[in-house]
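There is one chain below, alone, in structure tokens, taken in the form predicted on its own.
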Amino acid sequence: MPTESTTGPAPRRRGHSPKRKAVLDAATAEFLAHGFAGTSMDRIAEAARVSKRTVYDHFPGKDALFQAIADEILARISDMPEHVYAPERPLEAQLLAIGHTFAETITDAEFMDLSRVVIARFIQRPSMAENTLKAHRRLRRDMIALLAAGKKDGRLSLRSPEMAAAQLCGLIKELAFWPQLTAGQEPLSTRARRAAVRSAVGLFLDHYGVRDA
């Protein structure tokens, strides 16, 4: 089983043509700069240095472009290394490993830009968020399973693995995601990000950990 991810978040999707990637990158930058309503397909084509026909060959409109950006986030989440509970390993080490994978994924610069676009659009059109938010649970799927196994093994005292996973992710995101996403703070260094994960895991185990387990 993986311990700590050393490869970082996955690159842009394999199998995408260079022109499609250029259009997606340009759309992301334009949506960030001008908002969904203020961005035109003409502007995206100009920024991508392709013809407007090329843009429409890949995406019939801005909604399709937005969905492709949302799908890119989900694809990156799906590429996260898996973590499976191992009863013979220290629980803290396992929580640190999955916490580092989570933090590496959400703090990647491109992931952050994609998230800004998607979250801004969801605020405007909450109905567009439902399916994406359901799929977004992949961020916590392995963590929930790991916490449930730790509870069954008598190493964690908690009622709801789902709530506990949300709390652990929230502790990490409070330091390593939201300030950078919403307040324009500089991304954390690798050292600071890993320290944030250690702090979150420490607080989590202080609350939920079973002593001498």
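When you see a residue number, it is the position in the sequence shown, counting from 1. Everything quoted here is computed from the prediction, not taken from an experiment. We call the rigid core the largest set of C-alpha positions that still match within 1.5 Å between the two forms.
The same protein also has a form predicted together with a further copy of the same chain, omitted here; what follows describes it.
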In the predicted complex, which of the stretches 68 to 76, 103 to 111, 118 to 126, 90 to 98 has residues with heavy atoms within 4.5 Å of a further copy of the same chain? 118 to 126
Is there any non-hydrogen atom of E130 lying within 4.5 Å of a further copy of the same chain in the predicted complex? yes
At the 4.5 Å heavy atom threshold, is A45 in contact with a further copy of the same chain in the predicted complex? no
Consider H34 of the chain shown here, and say whether it contacts a further copy of the same chain in the predicted complex, taking contact as heavy atoms within 4.5 Å. yes
Quick one: is L171 in contact with a further copy of the same chain in the predicted complex, heavy atoms, 4.5 Å cut-off? yes
Please tell me whether the candidate spot formed by A166, A200 and F204 is one where all three residues come within 4.5 Å of a further copy of the same chain in the predicted complex (heavy atoms). yes
Considering non-hydrogen atoms and a 4.5 Å limit, which listed residue (I144, A64, A29, L181) is close to a further copy of the same chain in the predicted complex? L181
With both forms fitted on the core, check whether the Cα of A93 differs by 2 Å or more between the shown form and the other one. no
After a core superposition, would you say G38 shifts its C-alpha by at least 2 Å between the shown form and the other one? yes
I want to check V84: does it shift between the shown form and the other one by 2 Å or more at the Cα, with the core superposed? no
Based on a C-alpha change of 3 angstroms or more, tell me if A33 and D113 lie closer or farther in the predicted complex than in the shown form. closer
Relative to the shown structure, Cα G170 and Cα T28 in the predicted complex (3 Å or more change) are farther
